[in-house]
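Here's a solo chain for you in structure tokens, the form predicted on its own.
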């Protein structure tokens, strides 16, 4: 079968031929119908040799959907031919976090060598993939896998981040979304769907600001130094109840801190390397900073329900597996509208 793999530190991904895997006991094989490309993949491939821990070769793709193709011994509750999506942040299934469906925060995953598909385990950028337990497969039902596969990360990650801040996003509140790209444009829709907040979107690209307005942002601003003053003016000097930073570089973190209100939430979703001061005089009183990761299995069900209701969708550009290298090149250059989806 074909697989898009990261094979050498510092090199780009390559499309190669590898043996088609067979499912072991308890495992499920999927015929992949769609796989999403993500900035996290770029982040991983840009790590130096001292920091890279994901193993080589690595089949990319932590957003995956497919049709059940083969069952390992002992698998029950799922049938060959079922259309499914893959829950990526897989855990041990036994610790307190996993028992709540929060396998994204499994306390034993590293100890047990458990890694998400495409981020340590073989991922979905291939004709077939192995899923190690059927509990990581959510039924797609009538959802189109190509249009919805990115919800497994680009939908779940902002949903998890925003859901934890709904307590401060009541009537009259304001939320800022920094970065209106692959995750940010979904975050805007989630905010409109589950909160009454006014949504202000920031980005460096006018095209992405146009997209932000299309998907529901009330206001859009270029992400530059003057934006903080404009946001303060919008809120009569108070600041905003929540900032969702899908970049988390130093300039965006500084901007977020400058507009966070007393009691507000500053949520760092992006993988940038910025830092924040802490202490009584280093931040607005009663404000908090969070760095959430992905989301729970139950939240992914909720995201799919928002999609079925027409409240959330992912802007996608579709590539064949043969053109997947081009998808990552476009992702690196920032010329995609929304997310890239690869169809084997």
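Here the structure is a predicted model, which means the values were calculated and not measured. Numbering follows the first chain given and starts at 1.
Absent from the display: the form predicted together with nicotinamide-adenine-dinucleotide (NAD). The rest refers to it.
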Distance check, residue 103 to nicotinamide-adenine-dinucleotide (NAD) in the predicted complex, heavy atom within 4.5 Å = no
Is residue 30 close to nicotinamide-adenine-dinucleotide (NAD) in the predicted complex, meaning a heavy atom pair under 4.5 Å apart or at it?
-> no
Non-hydrogen atom contact residue 208 with nicotinamide-adenine-dinucleotide (NAD) in the predicted complex at 4.5 angstroms = yes
Does residue 294 reach nicotinamide-adenine-dinucleotide (NAD) in the predicted complex if we count a contact as any heavy atom within 4.5 Å?
-> yes
Options 65-73, 38-46, 306-314, 280-288; stretch whose heavy atom lies within 4.5 Å of nicotinamide-adenine-dinucleotide (NAD) in the predicted complex = 38-46
Are all three residues 183, 202 and 252 in contact with nicotinamide-adenine-dinucleotide (NAD) in the predicted complex, where contact means a non-hydrogen atom within 4.5 Å?
-> yes
Considering nicotinamide-adenine-dinucleotide (NAD) in the predicted complex, which of 212, 175, 149, 178 comes within 4.5 Å of it through any heavy atom?
-> 178
With nicotinamide-adenine-dinucleotide (NAD) left out of view, which of 84, 269, 169, 240 would have a heavy atom within 4.5 Å of it in the predicted complex?
-> 269
What are the residues of 239-258, in order along the chain, with a heavy atom within 4.5 Å of nicotinamide-adenine-dinucleotide (NAD) in the predicted complex?
-> 246, 247, 252
